[in-house]
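Next comes just one chain, in structure tokens: the form predicted alone.
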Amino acid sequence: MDVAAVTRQNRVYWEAIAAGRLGEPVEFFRAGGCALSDDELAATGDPAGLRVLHLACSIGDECLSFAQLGAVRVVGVDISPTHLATGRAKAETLGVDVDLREGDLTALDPELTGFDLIFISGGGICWVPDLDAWSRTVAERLAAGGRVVISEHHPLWEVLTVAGPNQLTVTGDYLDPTRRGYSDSAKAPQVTLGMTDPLPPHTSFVWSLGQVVTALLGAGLIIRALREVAQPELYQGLGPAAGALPAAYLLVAERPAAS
């Protein structure tokens, strides 16, 4: 696979839908709102005093939240310049110091290193073409004792489609990560729902939990926690059984402290 070509193609896709992705309004943050969920905050811990890198940061709402919660350095990286421009405008209006920069998740700027926390949120890791290379990059950019937190849609949810009350169909391959387009529109970025014009081609990846864990371990990280989470609203139409299935997961891994 030509990873650079996949990234270029996906950048075109994200630019095509960027105009409709504005995130939370400035007033949300001025009122003390936080773009991180309670589960995500429990996984990341108190960011006060930490150096934080958010990968696939999109419009940077979580970056703004990390900064407002006291992180001493916040860097967000994304492939879409329009998304980043939206985030920079909000940061300037709020007077919040965040560094939002364009970049490839597996080819980060050399000076981006020494982070206490690397975060990647929902709809992020599915755009990583080479999971092993990405995991090595994450491990290299963490300070000793630093953590990576992955908050992501569950790969099982990614391959299942609601067919009716208490009925699911398999519309993806859990064992083959490569996904070109979406056979189930509910798995696509929400802003695309209702769009009628054809979108540029794009490639995403449904990485299984086994693949994610194995890649992180192979990069020398220690798995500290893996929590699978129900989000019944993501199985809309399934009925009560929706609460019995995982829809998201939170994984915490750590770079060993220097001996």
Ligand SMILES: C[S@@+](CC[C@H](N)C(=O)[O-])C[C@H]1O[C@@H](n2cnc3c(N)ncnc32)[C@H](O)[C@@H]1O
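Values in this document were obtained by computation on a predicted structure and should not be read as measured data. Counting begins at 1, following the sequence as shown.
Just so it is clear, the following notes concern the form predicted together with this ligand, a form of the same protein that is not shown.
The candidate spot formed by 47, 65 and 117 lies out of contact with this ligand in the model of the complex, as no residue has a heavy atom within 4.5 Å of it.
Proximity to this ligand in the model of the complex, defined as a heavy atom within 4.5 Å, singles out one entry of 160, 75, 105, 138, which is 105. Interface residue remark: residue 86 is not counted as part of the site for this ligand in the model of the complex, having no heavy atom within 4.5 Å.
The closest non-hydrogen atom of residue 58 lies within 4.5 Å of this ligand in the model of the complex. By the criterion of a heavy atom within 4.5 Å, residue 249 is excluded from the residues contacting this ligand in the model of the complex. Of the heavy atoms in residue 123, some are within 4.5 Å of this ligand in the model of the complex. Between 78 to 86, 139 to 147, 161 to 169, 92 to 100, the stretch whose residues reach within 4.5 angstroms of this ligand in the model of the complex through a non-hydrogen atom is 78 to 86.
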